[in-house]
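So this first bit is one chain, no partners, the form predicted on its own, shown in structure tokens.
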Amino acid sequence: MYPQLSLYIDGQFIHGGGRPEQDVLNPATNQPMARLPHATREDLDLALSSAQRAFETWRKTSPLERGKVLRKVAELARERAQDIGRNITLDQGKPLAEAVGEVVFCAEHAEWHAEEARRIYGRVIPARQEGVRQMVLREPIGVCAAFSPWNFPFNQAIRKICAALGAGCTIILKGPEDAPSAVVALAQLFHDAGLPAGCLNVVWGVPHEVSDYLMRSPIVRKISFTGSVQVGKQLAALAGSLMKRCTMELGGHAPVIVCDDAQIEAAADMLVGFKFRNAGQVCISPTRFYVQEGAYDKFVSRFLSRLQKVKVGDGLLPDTRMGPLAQARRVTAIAGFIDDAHQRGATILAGGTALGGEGNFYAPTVIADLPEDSRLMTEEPFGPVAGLVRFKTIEEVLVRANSLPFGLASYAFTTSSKNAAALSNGLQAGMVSINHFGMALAETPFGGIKDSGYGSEGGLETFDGYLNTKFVTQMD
């Protein structure tokens, strides 16, 4: 059964009490499964005060103690992955194997932050004068407000929670109201792992109302947001006006460049799986496919052949390889991209239509002969649609790939070390993968540039946004 949903404030799971509620729908059927309580103004005030109170103690705990909690969370996440994953499939839609894999994979994030918390080092700077000692200290910034999205509800939330807690901060998290079960499960994991009350608080509500209230509170000193460029810019502007630190992981429109000398069939096989993972609802999903002229026909043939094996259906069915879109509005949005491509004379090679039935199902879609100013080549589709175009030279394709304001992820396939160097150096993105997909690991930084945001989650950079730097100089 789908779980009861709740707020989690000051170590207590809270539901009912006459609070406003909203339906949570199964995207495979559009039928309601549960009611999600929204936080009242009093609930938000309690979350803020409890986070501030808990910070005064948690900031002084040993990194070893923080690490024990994070390691226990990793252990419990693996034990409960099947149940948590099933509920993610029910409210978000992705196939069960993907959902369970998301939970298991993310246990590593808890372990990584547990290890790196022990290595938040300061330093001693040699003085110019005898009797002077100069030190740099790294101290937790304070109470953090985090906002996580629906496409990877467990993954995106746990990254923010672990970074804040590992650094010695406390956190108030507003997760995705459309797919809330994973965040409620995370609250239960940290609760059962022994995290002190108030260190983690989970609230729900009308997104812009909750974010505005939390960000304007003088208690909150750091904001972390994953979501659209449009909303991210609004939140960053507000945070800037309040002089509050931000980590922004915003949208992308990732180019993938397939050179003549690439292993064409292997590249096509990998790209089909990666493109249509989570129905293309992935910020780092490859969306603009630039294929060099000599490889184009072979690549397209293989890509379409492999695409035929992608079975669309309810994520709980064992043979499903792509589930429904997460909301009905996503079906309408994808249809808009297809209509624009039709009007501009592009060729629909596969898909291009919504699928019948109760849920939000859309056929995996491939479009060729797209003009550079078409919507699909300029706007992030965030869905199961790939645009294929030809290119001639590396110099030309780099100009085209870098022409948009996005700069999150990019991909390239080549067997030439010269091409690989030119592409890795020339692509304007926070993350570049050559001949494979090697992003989003716990030990590697994840983040973008340009309109795709700033700051990184994961890797050695993971705590940078959660720490203040204090310089201390003392004379004997």
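Don't overthink the numbering: it's just position in the shown sequence, from 1. The model shown is predicted, which means the values in this text are computed figures rather than measured ones.
This protein has a second form, the form predicted together with ligand NAD, left out of what is shown; the following refers to that one.
A single residue from the set 225, 362, 154, 289 has any heavy atom within 4.5 angstroms of ligand NAD in the predicted bound form; that residue is 225. With the partner omitted from this view, the residue of 207, 196, 294, 313 that lies near ligand NAD in the predicted bound form is 207 [heavy atom within 4.5 Å].
Remark: residue 170 does not count among the residues lining ligand NAD in the predicted bound form, judged by a heavy atom distance of 4.5 Å or less. Of the heavy atoms in residue 329, some are within 4.5 Å of ligand NAD in the predicted bound form.
The closest heavy atom approach of residue 148 to ligand NAD in the predicted bound form falls within 4.5 Å. In the predicted bound form, at least one heavy atom of residue 283 sits within 4.5 Å of a heavy atom of ligand NAD. Contact with ligand NAD in the predicted bound form, defined as any heavy atom within 4.5 Å, is confined among 242 to 250, 102 to 110, 341 to 349, 362 to 370 to 242 to 250. Applying a 4.5 Å heavy atom cutoff to ligand NAD in the predicted bound form picks out 380, 382 from 379 to 401, in order along the sequence.
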